[in-house]
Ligand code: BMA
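Below sits a lone chain in structure tokens, taken as the form predicted on its own.
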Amino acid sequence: MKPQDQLVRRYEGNPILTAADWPHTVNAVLNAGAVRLSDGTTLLLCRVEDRRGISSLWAVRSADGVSDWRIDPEPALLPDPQEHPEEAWGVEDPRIVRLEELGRYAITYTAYSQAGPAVSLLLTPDFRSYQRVGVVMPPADKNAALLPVRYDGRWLMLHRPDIHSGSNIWLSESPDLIHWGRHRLLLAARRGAWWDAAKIGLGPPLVRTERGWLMFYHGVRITAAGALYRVGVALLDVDDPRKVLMRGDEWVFGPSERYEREGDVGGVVFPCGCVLGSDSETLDLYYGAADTSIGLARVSIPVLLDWLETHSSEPAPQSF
């Protein structure tokens, strides 16, 4: 096995969650946010799509983050088209960040409706009760996550608006989690034959390391057989996340197993959540496989950062 093929290692028991695990009939279980709770339990907030095509969010819990998942008896978040028409077609793809300053977990998710995808925000102290903040980025926008700490008194959020110039990762600032501005392009899709040439979007929330904020992002390449979703990495400055220090030239994780290549949308690996291991060096990466099930992969942070040092080019200056 080549060194680059060992950067991200799949769990041998994949997929870890499928539609068959649910207590009622659903179409697919995918794209889960993840967090390690104070008692050591791993919680996944899963996107669960019913047979109408409408998604809701469900919390599942495991002592080891791998097996014996316990599904909460009720969904964490059902679409509420009456009070929140932006959710008329479902709620999707959550990403979870702990905001210690507020004593809350912040959940960014995609609210989907006739207007297109929008970024909405949900707060919870315990994954039992939830407070909707509402839409924080209007359509068309998705793939959003907050940073867990403020910079210069402002919260930062990475997100992916779809605009005439393309589908790229942007960074925005807010004093209160409600009003957002100072929008700037952070990372752009590359052009031509690159693996991330068609569009890019944030994966899980950023992971703080001794060398900077580690970013996993998905890149899309359009092929004769359709869109191919793979995962790459970049590193942001820990003192100023507006600065991209490195960006990997090659993808590090792509669909190769049958459950990743065959499903509702074949050829997709799509991580939305990760959890730091007890050794503080290993990441458990939870990803949607073919828009049908959830897989688990493990990453050594030091190994990945060393690889990035030798497999990245200097990021090009970004502009509108």
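Each residue number is its position in the shown sequence, starting from 1. All of these numbers come straight from a predicted model, not from anything done at the bench.
We do not show the form predicted together with the ligand, though everything after this point is about it.
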Position in contact with the ligand when the complex is considered in the predicted bound form, options Val265, Leu276, Ile54, Val26, heavy atoms within 4.5 Å: Val265
Answer range among 35 to 43, 57 to 65, 253 to 261, 268 to 276 for contact with the ligand, defined in the predicted bound form as heavy atoms within 4.5 Å: 268 to 276
The ligand contact at Tyr229 in the predicted bound form, heavy atom, 4.5 Å: yes
Heavy atom of Asp50 within 4.5 Å of the ligand in the predicted bound form: no
is_contact(Asp291, the ligand) in the predicted bound form, heavy atom dist at most 4.5 Å: yes
Contact flag, Asp93 vs the ligand in the predicted bound form, heavy atom cut 4.5 Å: yes
Residues within 4.5 Å of the ligand in the predicted bound form, restricted to 140 to 163 and counted by heavy atom: Lys142
